[in-house]
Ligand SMILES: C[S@@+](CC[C@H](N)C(=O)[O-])C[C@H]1O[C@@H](n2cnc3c(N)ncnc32)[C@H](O)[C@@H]1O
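Next up: a single chain in structure tokens, the form predicted on its own.
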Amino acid sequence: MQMTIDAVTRRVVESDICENLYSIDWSFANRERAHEIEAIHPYPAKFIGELPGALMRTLSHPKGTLVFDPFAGSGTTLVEAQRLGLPSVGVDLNPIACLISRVKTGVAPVNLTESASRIVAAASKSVVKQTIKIPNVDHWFKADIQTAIAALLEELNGVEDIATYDALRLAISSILVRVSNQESDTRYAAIEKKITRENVFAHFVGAVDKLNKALVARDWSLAPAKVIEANTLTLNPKGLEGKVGLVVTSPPYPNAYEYWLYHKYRMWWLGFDPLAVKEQEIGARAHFFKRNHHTEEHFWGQMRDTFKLIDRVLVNRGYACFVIGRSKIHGKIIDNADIIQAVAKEVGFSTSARIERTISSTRKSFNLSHANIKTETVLVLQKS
């Protein structure tokens, strides 16, 4: 009899949850201005915090379990979990994304602005002698700009505190497009800019000051947030170090956003390999314009690998939430939510809610002609 009562109670609770999901204004037309922590570094097609926040507040998950984002990007899900006092873990292939997430969810370094001033004082007197081995670097960065950036990075090597080191590297990363010949973060074209070596140091100090103020302005306790730099499709579940109670994510869209390209020179300057990221990145346009190019079938396979992981780590009756738009592959419109929904069903997940939301017209992407996505789907799935 007890089992019957529990089953009835569970169905009633889950029915109420579904009703609550459909009552939310998913366009968030009257949303408040985002916290300044979300503006510390450029990132394309970002989650708005209200999305994961609404899902976490509405959906039940056992106490002590983790909120998991297998495609963490710039860490918005992890930040919103912290704001609600929930432990979380995020995985991303892109090292710049992981750096952003670590800093956003980590402790505010002590005396960060003073550290930046010392770095600048030393870098401004430094003479960089090594050759800068970055492809086509002279096209995108003037010679004096190159030596200024290299000097800053060289001086950073002496910083021992990990939180300070990460924060200062993130500040450098955040200004690289501004001090380069690239027109803007969303325009991949070289133009003439009146930027000097001294401007590089000034922009760096300004970025550190902005970052420090954002970190200090967080008015919530820092619940544990683990960031894993890895390929979700091949991740060992033991790396999560805990049971997952709720999944909230927005996976890359096939043939939509060029995350690796957006951060290509940032990765090279900070010592990472953007070409290795490109080869593994879901949805990179380069995969769709080569011999034996990717098709929607590749996305089916990638989502199957994703759900193998989710199925292994998510508690029974746990929810997996996906926010995803449509793709255009060689003239064909692909509804990626349909693919995720079908893959989820293969492993025993049911659909609790499927909601279309309008995306703000001010949201920018790197390849506007290929990623002009006006709506996206909020898909809430439940492990049976």
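In this text, residue numbers run from 1 along the sequence as written. Note that the coordinates shown come from a computational prediction; the quantities given were computed from them, not determined experimentally.
Form predicted together with the named molecule: not shown, discussed below.
None of R354, R357, R317, K46 but one reaches within 4.5 angstroms of the named molecule in the predicted bound form through a heavy atom, and that residue is K46. For the chain shown alone, Y265 is not a contact residue for the named molecule in the predicted bound form, no non-hydrogen atom being within 4.5 angstroms. Among heavy atoms of P251, some come within 4.5 Å of the named molecule in the predicted bound form. Contact between T196 and the named molecule in the predicted bound form is not found at the 4.5 Å heavy atom cutoff. The named molecule is not drawn, but in the predicted bound form it has no heavy atom within 4.5 Å of E80. Here the chain stands by itself, but in the predicted bound form one stretch of 127-135, 187-195, 80-88, 275-283, 275-283, has heavy atoms within 4.5 Å of the named molecule. In sequence order, A230, N231, T232 are the residues of 200-232 having a heavy atom within 4.5 Å of the named molecule in the predicted bound form; the partner itself is omitted from this view.
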